[in-house]
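In structure tokens, one chain follows: the form predicted alone.
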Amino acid sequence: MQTEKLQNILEAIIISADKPLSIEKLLTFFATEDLVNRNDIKLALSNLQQFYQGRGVQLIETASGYRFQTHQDYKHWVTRHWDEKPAKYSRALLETLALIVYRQPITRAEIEDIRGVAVSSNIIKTLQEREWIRIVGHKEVPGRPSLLGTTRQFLDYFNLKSLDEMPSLSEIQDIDKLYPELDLNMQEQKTTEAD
């Protein structure tokens, strides 16, 4: 099959898909007589990524596969036509998620021990409903508590191929220095003063 035709076919398949598609999944769209192999698809995807560089949309690879998405630089304009507002998450939910991401597998009791407060069932439920976390096993201690870990959907949502792409904890600890515009210390002071 001609490279340009293969690129057009892959472009149409990926744009119309409702979730990222792996190379293995893309291979299933072709019959044996199409003479398309894994390397052909990789080359065509690479060409498409180059073609879309600097445009309004981009072809990105996540943990689950390839998908088209709006380029981050144009988010401000694109979000204007959405009726629903993006979800806002509490600090407790984000802290819980961060502990699961960086310490997985981890039990709820271990999260509570680190945070110093109980973890709301609603937080765990919300993270599971978003399919960002799942039960990956049970700890071999009395009561056999569930061990929590992240999912491919978590990686896809945050445009990650693997957890190795997460910033290191030392980078996160210096986030107020790296991004002074966030003014995290002032937000914490306002919260403390309000209490």
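Heads up: residue numbers just count along the shown sequence, starting at 1. Worth saying up front: this structure is predicted, and the values here are computed from it rather than measured.
The same protein also has a form predicted in complex with another copy of the chain, omitted here; what follows describes it.
Of the heavy atoms in residue 23, none are within 4.5 Å of another copy of the chain in the predicted complex. Looking at residue 37, you'd find every heavy atom of it more than 4.5 angstroms from another copy of the chain in the predicted complex. Residue 43 falls outside the set of residues with a heavy atom inside 4.5 Å of another copy of the chain in the predicted complex. In the predicted complex, another copy of the chain sits within 4.5 Å of a heavy atom belonging to residue 8. Scanning 52 to 76 for heavy atoms within 4.5 Å of another copy of the chain in the predicted complex gives 52, 54, 55, 56, 57, 70, 74 in sequence order.
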